[in-house]
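Presented below, as structure tokens, is a lone chain in the form predicted on its own.
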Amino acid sequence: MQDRPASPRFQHAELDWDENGQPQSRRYGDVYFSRASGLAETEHVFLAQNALAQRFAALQPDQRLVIGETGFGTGLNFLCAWQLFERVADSRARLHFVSVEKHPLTRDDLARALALWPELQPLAGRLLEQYVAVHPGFQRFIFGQGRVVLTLLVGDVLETLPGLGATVDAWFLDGFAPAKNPEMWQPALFAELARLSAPGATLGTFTSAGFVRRGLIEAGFDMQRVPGFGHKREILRGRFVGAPGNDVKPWYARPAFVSPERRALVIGAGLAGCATAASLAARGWQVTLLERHAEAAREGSGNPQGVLYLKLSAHGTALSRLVVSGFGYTRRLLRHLQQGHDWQACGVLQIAYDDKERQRQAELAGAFPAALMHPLAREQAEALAGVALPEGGLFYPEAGWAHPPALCQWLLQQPGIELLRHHEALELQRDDGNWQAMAGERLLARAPVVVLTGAADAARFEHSAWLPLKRIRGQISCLPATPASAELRTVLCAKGYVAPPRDGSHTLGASFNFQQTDMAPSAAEHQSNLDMLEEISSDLYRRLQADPQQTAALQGRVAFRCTSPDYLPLIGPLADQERFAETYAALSKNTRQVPQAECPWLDGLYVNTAHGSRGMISAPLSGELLAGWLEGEPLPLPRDVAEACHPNRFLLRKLIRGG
């Protein structure tokens, strides 16, 4: 996908409500569901034509069924499928629902629409609880400890579906009628449905238009006209009989891991490790998590306050799209923590501290929805922040701060996770289909799958030593709050950040030091943090009564960020470095020649690291991406973003560039 503005055309649905309280799209002049009975229509057109009652009931433990939908609308079809799944499926089976929506409803409109169906309220309430930070791109929702997963693709269907990596078992071909929304009902859409379909995938749609039927047949579906619902005389039902699509490059397309034992070993209990463990456990894996310290989150994930700071680009970069998706996922997770103590949705204000930053912020404000960010003049910013500021800036109203150790502890409560403390893996050995984590002669744990999540130490092992990881020392300063400083009501960011107080203390930082490796806080970096605070707000600096003569006595903490050369994380399966170079040697002479040889994977070895200073945003979602690679299930990010995070990108670049 080419870099482009994030989504200047993004708009929420604009609704009109009829005398019965039913919504209609003002833009398309069409209803969202049958006025006769939306529930009965969904049952007949989508559930029955895809034989979902029988297929759900036939699922075995740890099996899943993937449904794809082309118009989320009010979420009615999703909720009906979920309700049926809960009623008839095995308690250990899983449902993955992927849906596209160009104009998502606001939360208030969604609540009003779903109130029409009292019988769906238990499930509708769970959807509404998580319906926050829904912005353009891929948005993931988890229900029932992972039993039901919703991946919502916010954007135009012909732009978002090509980025989907999934194998779909049943399609709900929905959306406004072809006469009302002709831009969607195109051969390109039918081709995407075919690309994503599993062999024998089924399809149901409310339309019986001849060009739709012919287009689906041409794409590889066997289509039938069947009796319709309500005033519709006929609808369409189909089954995919075409050839499966496969356009993924072989060095990214590792097949789902197959093993009689669903056991995994995760090395490193920071945020990435805990998220990985939780995502795998939610899919029925037994996970052993090795941590060298006495508790989880004692290194980079151990700061008292982590800021949900969205460092974005106005040009649709892979990193920017990762950040928007990760932000939404993190915000949904944080509802499980204690508001006010373990997290606070107080917003984040990025101060426009110079001309270059002002220009950058103007570009961002034009590229993203106002609900995600909007500019504030100085007077507005001061009124919101509660302190005097040198400039206005860009405000992220849904952001804030969180206590990373609390999120780690919540993730570790997922059934199926065992945390082994004071266990430091120094070596990995492969033996009889298992990886063994060793400390000298001592066997710490073994499993068919190992995930390396220990920041830069992920490269300490023989098989992963080629990973290009960098360590950057960061120091925070903790300043006791005063009655005057406690009036700060939002996180302030410039070249550093300061947060409203938690447990009577403000977190300030963090420094960037590429040279030092000392773990002890230094007075010089405390002073640097104080200087940064004074630049952010001299008023807040005075309120905190910071004494430059007492910097050595300040409380603080040192941790090491882990980054990669392109500042994207490394998430996915690992290949054998030497055999990779041999297998794809032709690429060094001609990058257009794509050898179809299977990648020489290191069977069962994965990595999830290099989240840098944005771990609160990218690390929680990374567990879902890692699980997607392992399980062969729908990915939570566009394919090109997932591939941009794939560790093999560095082996590929080295081969093409010759070093």
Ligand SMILES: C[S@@+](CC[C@H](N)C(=O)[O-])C[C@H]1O[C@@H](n2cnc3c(N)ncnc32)[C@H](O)[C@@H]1O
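Worth saying up front: this structure is predicted, and the values here are computed from it rather than measured. Residue indices: 1-based, along the sequence shown.
Just so it is clear, the following notes concern the form predicted together with the named molecule, a form of the same protein that is not shown.
Checklist entry - Between the options 399, 100, 373, 349, which residue brings a heavy atom to within 4.5 Å of the named molecule in the predicted bound form? => result Selected option: 100.
Checklist entry - Among the candidate residues 175, 204, 328, 393, which is the single one with a non-hydrogen atom no more than 4.5 Å from the named molecule in the predicted bound form? => result After the contact test, the surviving option is 175.
Checklist entry - Every residue in 257, 287 and 606 with a non-hydrogen atom within 4.5 Å of the named molecule in the predicted bound form? => result Not a single residue of the candidate spot has a heavy atom within 4.5 Å of the named molecule in the predicted bound form.
Checklist entry - Is there a heavy atom of residue 73 no more than 4.5 Å from a heavy atom of the named molecule in the predicted bound form? => result Yes, residue 73 lies within 4.5 Å of the named molecule in the predicted bound form.
Item to check | 4.5 Å heavy atom contact, residue 56 and the named molecule in the predicted bound form | outcome: Heavy-atom contact with the named molecule at 4.5 Å: absent for residue 56.
Item to check | Residue contact check: residue 594 to the named molecule in the predicted bound form, 4.5 Å heavy atom | outcome: Result no; residue 594 lies far from the named molecule in the predicted bound form.
Item to check | Contact label in the predicted bound form: residue 51 to the named molecule, heavy atom within 4.5 Å | outcome: Taking the distances in the predicted bound form, the answer for residue 51 is no, it never comes within 4.5 Å of the named molecule.
Checklist entry - Going by heavy atoms within 4.5 Å, which of 319-327, 101-109, 516-524, 573-581 lines up against the named molecule in the predicted bound form? => result Going through the listed ranges, the match is 101-109.
Next on the checklist: Just to make sure I understand: among 154-181, which residues lie within 4.5 Å of the named molecule in the predicted bound form, judging by heavy atoms?
Outcome noted: Residues within 4.5 Å: 155, 156, 157, 174, 175, 176, 181.
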